[in-house]
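A lone chain, given as structure tokens: the form predicted on its own.
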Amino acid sequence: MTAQLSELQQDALIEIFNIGVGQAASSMSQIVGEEITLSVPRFEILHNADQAGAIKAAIRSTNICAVSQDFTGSLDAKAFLIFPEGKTQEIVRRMLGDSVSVDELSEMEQEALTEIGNIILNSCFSALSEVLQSDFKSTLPVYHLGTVDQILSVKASRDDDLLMLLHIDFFMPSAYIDGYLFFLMTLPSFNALIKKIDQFLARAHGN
């Protein structure tokens, strides 16, 4: 089965992920003491052959910072929150406070970004769990720094693996940062997700 989404399915997925990042933004706003707004304006479905080039073109950076978690349950996926290297210090500084020195900021960046990834990724799967009436278990978040190929192991993916690529708009009072969510899954897991989306849409329309 080829991975194709109807416009209705796409809209439903974007809405679900917007619920998830909205919950994450609320949690992060409480941590930093100022309003943070997150939104998912668009996403793509990439087949194995298209993944490496599309990811690199989207990120426009040789090296990236990433936090990954594995999720298992009604569907299995490896999830990544990714920022281009050098774009994350403003977020981390807000989390840790202006009193933190540059040297301390660098030392604590990994821990802070891991917590950000944990908040955002788990919020997304919490939204999926609630809306799609599915349960998920997750591994602990893992921090990565390196190239796209090193971190995502794109070249090692199975031929039938799919990647959902979601752009995140990350607004803070003093900064705008663009990030990305990647969900790597097999075709059977993707088809299971679409089946759950169709069931959700049927319930929403009273069918």
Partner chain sequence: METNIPTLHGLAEELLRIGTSAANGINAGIVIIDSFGLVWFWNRWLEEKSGLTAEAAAGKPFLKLFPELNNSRLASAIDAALKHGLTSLLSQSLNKAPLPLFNK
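Residue numbers count along the first chain shown, from 1. Just so we're clear, the structure is a prediction, and the values are computed from it rather than from any experiment.
This next part talks about the form predicted together with the partner chain, which is not shown.
A.B. asks: In the predicted bound form, which of the listed residues (A175, I31, L145, A54) lies with a heavy atom within 4.5 Å of the partner chain?
C.D. replies: Of the listed residues, the single hit is I31.
A.B. asks: Does M95 make contact with the partner chain in the predicted bound form, using a 4.5 Å heavy atom cut-off?
C.D. replies: M95: yes, in contact with the partner chain in the predicted bound form.
A.B. asks: In the predicted bound form, does T88 come within 4.5 Å of the partner chain, counting heavy atoms only?
C.D. replies: Although the partner chain is absent here, T88 would stay clear of it in the predicted bound form, with no heavy atoms inside 4.5 Å.
A.B. asks: Does the partner chain get within 4.5 angstroms of any non-hydrogen atom of Q133 in the predicted bound form?
C.D. replies: So Q133 does not count as contacting the partner chain.
A.B. asks: Would you check, heavy atoms only and a 4.5 Å threshold, whether Q69 touches the partner chain in the predicted bound form?
C.D. replies: Although the partner chain is absent here, Q69 would touch it in the predicted bound form, with heavy atoms inside 4.5 Å.
A.B. asks: Let me know which residues along 118-146 have a heavy atom within 4.5 Å of the partner chain in the predicted bound form, or say none if there are none.
C.D. replies: If the 4.5 Å heavy-atom criterion is applied to the partner chain in the predicted bound form, 118-146 yields N118, I119, N122, F125, S126, S129, E130, F136, K137, S138, T139, L140, P141.
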